[in-house]
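First come two forms of one protein chain, each written alone as structure tokens, so that there is a structure 1 and a structure 2.
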Structure 1
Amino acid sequence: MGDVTKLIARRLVYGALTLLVVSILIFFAVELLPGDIAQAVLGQGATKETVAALREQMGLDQPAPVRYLHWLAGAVHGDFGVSLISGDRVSAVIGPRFLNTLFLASYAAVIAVPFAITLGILVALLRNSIFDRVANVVTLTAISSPEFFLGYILILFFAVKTSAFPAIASIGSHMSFGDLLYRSFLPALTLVLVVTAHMMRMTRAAIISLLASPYIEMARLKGVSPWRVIVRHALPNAWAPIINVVALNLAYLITGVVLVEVVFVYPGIGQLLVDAVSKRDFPIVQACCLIFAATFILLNLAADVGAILTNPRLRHPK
């Protein structure tokens, strides 16, 4: 148990260092953008005195490293500053949007994860059959298609031609849970189509690679049914790579929803990021990027921990 604790602690330290480096890149990438932020906010008609006063109010008269340390200290406490456009606290603006994104990602994950693992087991069991070939063609098509293309295809068939679901996923806190599921079905389905393909193919590959193992051959010689061989013998040893790919796809569901939210005008953090970029609202841009990075790193850490806990060779390294 001590080895596991040390491995997890080491992963946490690496994750914290990675997030620190990413925060530096995010902050100074905005600093390198051309133009004056204060001038962009006030417009070309602003006087020099007004621009200077705004620069002082925003702290732009201080050196960049000092401003980074102030920004990082505030971010650690959940304070990302003030929006340049609305004047509201960035945390207050992002909070509801991030909850909407989490809802959409959870909606897609609840459908995609069990469906993908079950489908991967089936195609491994029916390897080289017509069902296996069709599933591989469909999943490769889904992987190769951009998210916005799949979104527009779903809008064409389910919103324009059949009117089964709304093309614009406008949701609000006043809606019932059923209305939320109904209005956000198309963006969730778009995400399901993308991540299911990756998880299904990884599950299939992990199980097939184990089917040639000696203990699997012994189970077959004893007359164990093919389904029982996969579920009771192959699947438990295939959990490590499956957990990794599931965690990575869950990270994608949160960090890769920008295009999907834009296509369906979904009020999530991805749509907020695009709006903030177009309006040059840099505090919101920095906060959104840092939240995306932290979420991705956290889920990668969860994948590493899951792989350690499910793989004895990682729990007891030599």
Structure 2
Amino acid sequence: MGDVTKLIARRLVYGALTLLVVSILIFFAVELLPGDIAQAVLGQGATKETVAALREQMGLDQPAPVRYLHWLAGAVHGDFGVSLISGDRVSAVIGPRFLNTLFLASYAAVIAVPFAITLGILVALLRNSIFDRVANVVTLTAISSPEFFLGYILILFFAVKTSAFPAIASIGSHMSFGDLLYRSFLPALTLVLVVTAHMMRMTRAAIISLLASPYIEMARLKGVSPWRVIVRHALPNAWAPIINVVALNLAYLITGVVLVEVVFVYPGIGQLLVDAVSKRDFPIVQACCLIFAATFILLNLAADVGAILTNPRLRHPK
């Protein structure tokens, strides 16, 4: 296990470096955006004087690298600063919304991951049958419709026509867990439809690519049932790519759900980030992006570690 620990440590260092680079990138990207925060806040009502006054209020008259280093010094100590617009602490602004995002992501993941993998195994077993084809077409259609469009269609059937679920997922902290699940069902279902196909197809492909291997052939010739061949013989060797694609999709559930949030009016972090970008509220943009980047890096690391743990051969590369 020493190798794995070393790998994790090395990857964490790389991860920290990646975060640093991301933060520099984002800072200067926000700097490069046309217009600045003062103009964005004042909107159509901006005049030269008011913009100048606001810039001074927000401390934007300092040069960009100085502001970046100032921010970085705070961030290293866990202080991500205050929102330039409202003056609230960034952690206070982002915290509750990030929890909402995590809730929705786990909700969708808990349904989607087992569903996709089971379905993937099933279609691998029944490959080239009608069931395989239908599952293929349905999941492909689901991912090839734009997300917001899928959302609209679900709203049509589940909210407008049958009123089984609420069309807007306005959730609050005072609600019971069951109520939360009920109210955020439609956005979760949309996300499930979006991510299932990718995971299912990868499971299927990973298993099928192993079926031609001699050891599978051997098992089959021994008279092992097809179901057992797949679950006991093929699946253990197929975990690596499957875990990889699951991690990728989990990251997507957390970082890529802006459109779903907009469609269902879900108070998550994506909407906050888009608003902050349009207002050039740098500390918020920065903190959100770093959260996303960290999520991505950690999930990736988890996937690689998972792949290694499920496949001893990867632990000792040639």
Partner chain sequence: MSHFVLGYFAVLIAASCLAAYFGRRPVFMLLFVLTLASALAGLFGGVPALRFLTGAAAVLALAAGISYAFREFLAIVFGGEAERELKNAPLTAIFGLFVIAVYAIAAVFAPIIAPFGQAEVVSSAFAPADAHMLLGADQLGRDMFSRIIFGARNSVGIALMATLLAFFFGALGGLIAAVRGGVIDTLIGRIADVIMSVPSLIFSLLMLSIFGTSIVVIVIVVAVIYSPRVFRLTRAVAGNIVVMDYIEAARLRGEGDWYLIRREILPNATAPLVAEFGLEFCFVFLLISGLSFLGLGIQPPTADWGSMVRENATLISFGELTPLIPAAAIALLTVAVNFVVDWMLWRSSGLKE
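Only the largest set of C-alpha atoms that superpose within 1.5 Å between the two forms is called the rigid core. Quick note, the numbers are simply positions in structure 1, starting from 1. Computed from a predicted model, the values in this text were never measured in an experiment.
Annotation: structure 2 represents the form predicted together with its partner chain, while structure 1 represents the other form. After superposition on the rigid core, displacement of the C-alpha of G78 between structures 1 and 2 amounts to 2 Å or more.
A movement of the C-alpha atom of P214 falling short of 2 angstroms is seen between structures 1 and 2 when the two forms are aligned on their rigid core. Remark: with the core as the superposition reference, the CA shift of G223 between structures 1 and 2 stays below 2 Å.
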